[in-house]
Structure formats: structure tokens, C-alpha cells
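Shown next as C-alpha cells: one chain only, the form predicted on its own.
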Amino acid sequence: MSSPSSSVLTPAAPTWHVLGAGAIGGLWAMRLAARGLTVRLVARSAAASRTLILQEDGQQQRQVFPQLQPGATGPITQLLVTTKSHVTREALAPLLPALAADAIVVLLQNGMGAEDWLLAEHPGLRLLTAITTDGVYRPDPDTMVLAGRGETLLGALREAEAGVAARVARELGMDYAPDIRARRWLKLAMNCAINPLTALLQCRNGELLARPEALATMRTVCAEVAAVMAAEGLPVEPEVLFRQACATTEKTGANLSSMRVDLDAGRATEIHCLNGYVVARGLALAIPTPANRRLVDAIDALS
């Protein structure tokens, strides 16, 4: 009697392309690889590979990833986008021809707006969104230091893709959030209330709590965001948003916001995907948002 064949093929690990392997993108590339997934980085660099280092809980992990240029990726069926939100369109443009018609695209980034044009222009994509509270910084371009472990939530923008979102969340090691739209708006409110003020006042997050004028602006910004959220079908009390913003400011007191870091470095900021998005939605819904508008104008004047 012949023995069972040993040539039975094991299904290949799912392949995920990662666009934007900075702090958060590098962290998740490492996490996906640790889960046994095949990970390929997409970057403009001509280097064929890139070695990333993750420092976490006093231990260091090193992983070498294949790196592909945007025009040479081959077909892409699953893509994790971790670029800054304001460069998403530019970064994604050369990848769009490589995306399968029903590709899964996960946007893991601060700010909002990228999903609107992407769905409008490519309705066949299975577009999912995620947010994270992980604290990561890079002492050099290829090293990520996990300063604070948070939670990462993933969900679907369209009800028909809820099952896909739940499956992808399990595969990636994220938490499935059926209310991801509300969660994203809450995070947007926190970023709108904190980030531009720390950039304008050149301070750390926690220092806002000792400045009455900053707190007054935070309260007004939260009230405007709450009004827009209510019109979007996501009612929330303005004072609840303000208290959460204060709690976040205290919890991240020693942090330098990404907007302050970008402004100090002379880079473009995410202001138009944060407060600017609130202003745009306010205009569309006939809701005044003067405090958010002032912050957008002030950051633009310094950029």
C-alpha cells in the first residue's frame, strides 16, 4: 500500500502590500510578518529590500522585507495604506492600475477625506478604515520604538463589507469595530482640538491644560465638531468631546504632536484632513465652523 503523498500544497500565506512604511506602517509591517503573513513594502526607493527594526519592551526585532517601486509591484489584492492622509491621493495614484477590481484596501491613518474620493472614483474596491492609539517614534528611518501600546480598530465603511472587515481584522491582529465611522470621528475631534494648538503654541500636548486660552479654543473646536457629527447622524454632547480631548491631552502630555513635528521640520501638515475636513463638511451641511477655520488658516500661514 502506498503511503500518502507528501506533495500536498499548503496554502500560501496572504500577501499584504504596505504603502507608507514610516512609524505606524513599519510597526504594522513587522506585526503582520510576525503573524506569518507575506509582506511587501511599496516605496519610491530603488533598493530591492529594506531592513526594519522594532524595539518593544526592551527587546529588539529585525526583519528584512522585499521593497517594490510603485510601477513594479505586480497585481495587488490586499493593500495597507499608512501614508499621511494629505498625500494619499498622490501616493496611491501609481498603484491604482495594479489593484485588482475587488482589492481590499485598508486606510490606517489620521484625518479623513481620502476615503471619500477613493470610493467615488473606485467604487469596486473593498475599502476598510482603521485607527490606532499606538505610540511609535523613529530615532532613525528604519527603527521603530513602541513607546506606548494602544488599540487598533478596523471596520467597514459600507454595511455590505462588514463580514470582510471582521475577517481582515482577525487576519491582521486588529480589533473589529462595527462602529468605525463614529470611532474615526471621535479621533478626528481629538486631533482637531489638540494638534494644531500644540503646533501654533510650540508646546507639548500636556502644556495645553495650563493655558486658559488654549482650553477655550479646544472647547469651541469640540462644539463645532459635535455639531457636524450630529448632522452626519452621529450625535454627541460637545462637553463629552471636550472632556475626552482634555483626558487625551493629559494622557499624552509628554508627546509632541505630529503636526508640531511636521511644522518644525518644514513639512506639509495634515491640517486640511483634520480641521479642514470639519470645515468642508460644515460648509456642505450649512454648519458654521469658524474656530476650525481659524486654526486651518493659522497653520497654513506658517507652513
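Only a predicted model underlies this, so the values are computations on that prediction, with no experimental measurement involved. Numbering starts at 1 and runs along the sequence shown.
We do not show the form predicted in complex with a small molecule, though everything after this point is about it.
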query	finding
Proximity of T38 to the small molecule in the predicted complex, heavy atoms at 4.5 Å	no
4.5 Å heavy atom contact, T82 to the small molecule in the predicted complex	no
4.5 angstroms heavy atom contact with the small molecule in the predicted complex for I194	yes
Residue contact check: Q69 to the small molecule in the predicted complex, 4.5 Å heavy atom	no
Site test, K187, N205 and S258 vs the small molecule in the predicted complex, non-hydrogen atom cutoff 4.5 Å	yes
The small molecule: the contacting residue among T129, N110, T88, T217 in the predicted complex [heavy atom, 4.5 Å]	N110
Candidate from T252, Q55, Q244, Q63 lying within 4.5 Å of the small molecule in the predicted complex - any heavy atom	T252
In the predicted complex, segment of 217-225, 176-184, 88-96, 194-202 with a heavy atom within 4.5 Å of the small molecule	194-202
